[in-house]
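As a starting point, one isolated chain is supplied in structure tokens, in the form predicted on its own.
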């Protein structure tokens, strides 16, 4: 029960929430430190992380941490992110949904927008991890040709930008969908929230028709 007596449903376990917030915090660090490493105009950001040498040492280590935590987290979410026939209708009506002119009645735990975010991040973070390893001094980069390092640098920058845009959309959508951020903090949502936003999931969890 919530503080107002409304029945609650568990949406995110403690482990899922911890992994989510670790990924979020790590992403902020990697994005800011990556900007500092990307161009001299942003190098002043390195002062936030103990200076350039320490930040250069820390950035790849935290990048590996992102890969480990994210793929562990993603593995647990894979089943609920399977693409279903109902998701095709959501995708066709995406803009109408954003204008609140369309509301699906068969959305499972995650809607098609959330699934697209999930399946886009899986390869993007893989590219970031592999290209980052190729750029890692002094461990891997010296053993690769300049051409490979240049390609890795380009892929790393493009993937980082795509991830930045994706995370921005994700944060905006979470803010726009009232109750989503609270659910990732407390772990629970009200039955009314679940019934409205994810009716098929609500029926699966409670056995009640929306």
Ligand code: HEM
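Numbering follows the first chain given and starts at 1. Only a predicted model underlies this, so the values are computations on that prediction, with no experimental measurement involved.
Below, we refer to the form predicted in complex with the named molecule, which is not included among the displayed structures.
- With the named molecule left out of view, the stretch that reaches within 4.5 Å of it through heavy atoms in the predicted bound form is, among 137-145, 170-178, 46-54, 29-37, 170-178.
- Taking the partner from the other structure, the named molecule in the predicted bound form has no heavy atom within 4.5 Å of any heavy atom of residue 58.
- In the predicted bound form, no heavy atom of residue 155 sits within 4.5 Å of the named molecule.
- The closest heavy atom approach of residue 202 to the named molecule in the predicted bound form falls outside 4.5 Å.
- None of the heavy atoms of residue 130 is located within 4.5 Å of the named molecule in the predicted bound form.
- Contacts with the named molecule in the predicted bound form, taken as any heavy atom within 4.5 Å, map within 66-81 to 70, 73, 77, 81.
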